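One chain is shown next in structure tokens, namely the form predicted on its own.
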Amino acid sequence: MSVSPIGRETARVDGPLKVTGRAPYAADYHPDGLVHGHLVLATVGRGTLRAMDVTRAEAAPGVIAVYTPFQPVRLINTFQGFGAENYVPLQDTTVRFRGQIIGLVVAGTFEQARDAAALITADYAGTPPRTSLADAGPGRSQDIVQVLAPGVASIDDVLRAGPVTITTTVTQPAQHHVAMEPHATTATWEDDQLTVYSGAQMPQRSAPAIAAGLGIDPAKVRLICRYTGGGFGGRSPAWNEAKLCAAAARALGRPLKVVLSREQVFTTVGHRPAVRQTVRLAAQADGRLLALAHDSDAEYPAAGGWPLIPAQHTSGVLYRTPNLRLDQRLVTLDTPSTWAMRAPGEAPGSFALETALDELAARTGVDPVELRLRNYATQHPVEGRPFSSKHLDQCYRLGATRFGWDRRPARPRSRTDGDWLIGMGMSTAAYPTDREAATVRVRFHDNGRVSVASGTSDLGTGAWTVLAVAGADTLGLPVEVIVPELGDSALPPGGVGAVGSAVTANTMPAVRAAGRAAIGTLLRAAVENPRSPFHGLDPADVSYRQGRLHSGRRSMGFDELLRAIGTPALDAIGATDPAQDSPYAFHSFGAHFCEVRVHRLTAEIRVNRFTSVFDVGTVINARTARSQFIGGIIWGIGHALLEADPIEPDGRYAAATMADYLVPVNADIPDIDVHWLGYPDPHISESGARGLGELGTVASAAAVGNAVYNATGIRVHDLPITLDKLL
């Protein structure tokens, strides 16, 4: 009997190709006749282009074409109220933000295009841009939620009259995805059929979006992204650079490749918005919440983007309180387009909430873990639905034990090691898990292999291996026999895409449905095909087990049957369409524990230890799950201590390079202890698996900040926590 690979340490099936450099990414395709493009970006924050001098660029070596708003390539604006950008490049002379695309130079080589682009000059009629949340005035409300106890007329009355009250205001600057692979697009046309090679988290949505921008039938566009070097939300939409590349390739009649420089990535393909948040708490003397209000003002560019609503899945989910109010506002600024970034609202929202909870613990003298247990919610605080499966209380207790939380000094600045102050902090993580419709194809081949195909993407998160593990488990075969196929808009849609920590939760049920349907196809062929040894038998008398067909004493492998009947392959498609009116609320949970060392003279901060325990349902592949948890925690450490990109009054990002925008490196990160409980979620699907990819990012920054407070007695509300804020 075969042993299921579910939950085991399965090596990445795509690992050998990646470590040997043979995995093709978007910029690694070289069709015949390929030419190269380089973007030209605006150097003012707001205004109008009066003229562009392209004379020297057009005369530069190797230049084939120069496109500007005065010499445009045609694109169509298909914006319908929500999207990455509400304009298309080169179709007008309006400059909406510094870094907007205002030109494209095409040449024989990348270097020729880049050098020629530097020769272009632009004349602007400029207007001072709106770049600061503080100066832009109040935002427009995006989402107001209020729950009041019977007899309470206003939550403000409770917040003023509570025995213990806390008001915490925190700020966070713009942050960037900083994926390992820069954005790149290679576009090639054959007659009227377009093939685009470009990193995409949702191939089935990006391909039609590109088609719409070109004004062509979506069936004529195929997007391929078999390997993508990180996305984190930044590759969810089809950005303007991809549409422009495809349009220019059509105009030229030649394949075109556009690879963004790192600095261009910082301004043209989205970022996490800057945000200011205020959390107000009212509690009894023992820390039990009487009221919670969470207000936010987030950057929302005039050029369009993702609306950040940080309280929805943090303050609106985690704690039991009779009075709750969430007011999430958007402030219009003249900045590059914003977009979702790993745990889009949950990461900043949890920093505000979990910082305020830590302040309440300090004010009441209640241990931070005990405080959270006293306010534990067994049902969704806003919706009133029970959680499908929640064991967060065990995460607290197990995490505290593994970490040694009982050694935490209650009084800040009371534990030292020479010149180092040592502190501990903790926080709570929650992230929503939604089931979406998904379709997968399972195909038996006469060479003994089985392909499992899904149009979703793998951004390095492990989807290649999840498909292999799911197929092996469903069919009772070794993982090595399964051939996953993904990252292609021509494949069956594997769900909404690689967003929202949803690939595994959506794909697993569809793989099982497709596997069972494919077995049915195989059995029908066995009894209906005249060349089959099972021909004419009652279908009920033929069974499938672990890759073989059985009837009485007769047995043969599926590959033998396919060769016998002269059929190279048989397949079936399986689809799932889960009901959206479930009586349950689906979330994954976790508890973070962090220890830091802060030098008392220099204020240098070192993360010394980190332990996290998670409740995510069934874990499909232990190896990639651990990797995702650790990666998310590292993101949180970066958010807490390093990542910031201040915007200057003229709209220029001051840290729009890897030399200036700081992210954690190996020397910044200790060994990270992660553990998960392993309780299957009985209501989400047969597999019991919920999402986990973004959960590690949620609230890990708050655990670091709370530990810094415990070490130093200084509470930093404005991220990142830098030396000057502690000196």
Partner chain sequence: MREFRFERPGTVADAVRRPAPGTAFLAGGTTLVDLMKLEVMTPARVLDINRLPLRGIDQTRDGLRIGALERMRDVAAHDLVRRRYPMLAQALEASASGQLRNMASIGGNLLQRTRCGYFRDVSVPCNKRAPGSGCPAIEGENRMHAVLGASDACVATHPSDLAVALVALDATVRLRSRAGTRDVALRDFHLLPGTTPEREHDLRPGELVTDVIVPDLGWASRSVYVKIRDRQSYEFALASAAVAVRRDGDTIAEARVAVGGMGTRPWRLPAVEAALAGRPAAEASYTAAAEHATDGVRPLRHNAFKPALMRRTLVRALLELERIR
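Owing to the predicted nature of the structure, the values given are computational and were not obtained by experimental measurement. Numbering follows the first chain given and starts at 1.
There is also a form predicted in complex with its partner chain; it is not shown, and the following applies to it.
Task: its partner chain in the predicted bound form: contacted by all of 118, 599 and 652, heavy atom 4.5 Å - done: Affirmative, all three are within 4.5 Å.
Task: Interface stretch in the predicted bound form with its partner chain - options 293 to 301, 204 to 212, 107 to 115, 244 to 252, non-hydrogen atom within 4.5 Å - done: After filtering at 4.5 Å, what remains is 107 to 115.
Task: The unique member of 87, 376, 420, 544 whose heavy atoms fall within 4.5 Å of its partner chain in the predicted bound form - done: Of the candidates 87, 376, 420, 544, 420 is the one lying within 4.5 Å of its partner chain in the predicted bound form.
Task: Proximity to its partner chain in the predicted bound form, single hit among 412, 126, 322, 646 (heavy atom within 4.5 Å) - done: Exactly one listed residue reaches within 4.5 Å, namely 646.
TODO: Please run the contact check for residue 51 against its partner chain in the predicted bound form: heavy atoms, 4.5 angstroms, yes or no?
DONE: No, residue 51 is distant from the partner.
- [ ] Consider residue 663 of the chain shown here, and say whether it contacts its partner chain in the predicted bound form, taking contact as heavy atoms within 4.5 Å.
- [x] Heavy-atom contact with its partner chain at 4.5 Å: present for residue 663.
- [ ] Answer yes if any heavy atom of residue 263 is within 4.5 Å of a heavy atom of its partner chain in the predicted bound form; otherwise answer no.
- [x] It does: once its partner chain is placed as it appears in the predicted bound form, residue 263 has a heavy atom within 4.5 Å of it.
- [ ] Would you please decide whether residue 727 lies within 4.5 angstroms of its partner chain in the predicted bound form, comparing each non-hydrogen atom pair?
- [x] Although its partner chain is absent here, residue 727 would touch it in the predicted bound form, with heavy atoms inside 4.5 Å.
TODO: Taking only heavy atoms into account, state which residues of 37 to 53 are within 4.5 Å of its partner chain in the predicted bound form, ordered by sequence.
DONE: Just 43.
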